[in-house]
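Below are two forms of the same protein chain, given as structure tokens: structure 1, then structure 2.
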Structure 1
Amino acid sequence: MRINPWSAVLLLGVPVAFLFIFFIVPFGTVAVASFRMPADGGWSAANYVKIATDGYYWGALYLTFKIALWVTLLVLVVGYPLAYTITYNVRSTLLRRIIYIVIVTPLFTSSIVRAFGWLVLLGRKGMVNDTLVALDFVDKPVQILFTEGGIVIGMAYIMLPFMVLTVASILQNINTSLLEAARDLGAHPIVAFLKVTFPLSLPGVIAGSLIVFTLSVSAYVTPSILSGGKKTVMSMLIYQQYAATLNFPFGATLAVALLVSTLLLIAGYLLVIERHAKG
């Protein structure tokens, strides 16, 4: 369509202006505030110094990334086979639709509801413990809730649909005749998978793990409900500063620290992948 230049400027300019005013400027405000002193409003890097020199914050950052990493791995291990199965092994259209509905419905449900479900399931008298005891895996109920393991399970649950959908959308585009060709040339199914399907699906794995990792790093609701206040991740610290302590500048510093370290980790990850692809 021939959109005349003035309409184009208007149609695109208004949304861009909106994002500038309500997205870029607010992020800028946070970045600027992180260099202010809460007491007198003067300029200072003291907030950063405080984070860098206090082991407590390093601990929170470490825990945040550790949980995010475990969540990403767990979700990949469970999500990939599911994506593979629905793409290649489910023939019935109706069944596929039902499976997709089962995958997407949790995504459309508030993380509070989902974390709440796990709160019930993982408790000392919850179904998981009941089952474990009944099956004689353990003698008495174990502590799952309010541990790192519990947070990882609850977050993996929240992140699983993202991984499945991302990997499935890449798998759909792989030409199945390549697979048939590999089989035709005598490759064992496992070899065909390792040499053909998996390498071709790597973009999906990479994109999916990036999404899951960034979402896990910034997740707030799930860790705060499932930690019971016994474990602290970065998002919880940020929330405390903004909602309880009302120390906006320090909260801003924590937010910037989280954002920057996440971006650095992602950049490093992408760099490694690129090196690997070239080598």
Structure 2
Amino acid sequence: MRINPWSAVLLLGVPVAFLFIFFIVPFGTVAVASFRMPADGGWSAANYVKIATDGYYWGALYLTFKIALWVTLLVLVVGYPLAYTITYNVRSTLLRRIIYIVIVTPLFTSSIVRAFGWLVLLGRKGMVNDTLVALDFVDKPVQILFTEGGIVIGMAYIMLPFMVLTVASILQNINTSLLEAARDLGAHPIVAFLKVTFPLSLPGVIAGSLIVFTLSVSAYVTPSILSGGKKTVMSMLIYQQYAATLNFPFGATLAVALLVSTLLLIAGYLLVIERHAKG
């Protein structure tokens, strides 16, 4: 069936126009603003020089990516087995739907509410420390709140549904006859998983990792609340420049630097995966 050229233009034109209006134009505006000088309104690259030569901003950028990476790894370690269990071990369709509802329901709650909930759970007298003491894992409450670990835990909880849903959608489309064939040929279930299931589910792992990583890099509410002001990520610096100091050009410079750095990391990640797949 041939598609009318005008229909094709319409189908492609609408998403392209949407992307241009709501992404390209805003980013272009921010990029242009990053070269403005607030004092005289002139043009200069001084903001970028300041970021490149000041270790404080490099430290914030490093912490941002470090936390995002740990969140991604933690969510993958927890989310993949959960998605696998839901897909292959839960036989009841009703129970599977209930589990999905439980996983998705937190997304309908404000990030602020969930972050403050973790303030209570991770505190010295919170449920997490009480459980650790009761199980004799520690002798006294440990400092979890206002640390990198506390931020990672809170953000991993928020990002978990994205990984589970993404991986589960791929696992559900894997032809089960391939697993049956592997077992008929004498493959151990673990071997069948490593040789068949996991390689076929890699698109879901890659997509879920990218979603979680990018959302973690740009997260503001959870890190700002769970850090207690003791840890600073790039999103917090950008907010400070826009809302506190009203230095819009420098805030735009930080935003551009964060976006470009993230895109470079993602490009490198995809390049490594592509080379590994070809090799």
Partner chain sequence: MRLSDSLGRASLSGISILALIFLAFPLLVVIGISFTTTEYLRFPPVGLTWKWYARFFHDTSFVESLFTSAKLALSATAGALLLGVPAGLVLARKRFPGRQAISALFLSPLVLPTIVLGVAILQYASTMGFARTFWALFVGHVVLVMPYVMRTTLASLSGFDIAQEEAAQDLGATPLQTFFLVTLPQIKPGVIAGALFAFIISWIDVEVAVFNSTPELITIPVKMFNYIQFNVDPIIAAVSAITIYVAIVAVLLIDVTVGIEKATTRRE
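Residue 1 is the first residue of structure 1, and the numbers go on in sequence order from there. Under this definition, the rigid core comprises the largest set of C-alpha atoms superposing within 1.5 Å between the forms. Treat the numbers as computed from the prediction; the structure is a model and nothing was measured.
- Only structure 1 is derived from the form predicted in complex with its partner chain.
- Core-superposed comparison between structure 1 and structure 2: the Cα of V9 travels 2 Å or more.
- With the core held fixed, the Cα of G229 is displaced between structure 1 and structure 2 by less than 2 Å.
- After superposition on the rigid core, the Cα of P26 moves by 2 Å or more between structure 1 and structure 2.
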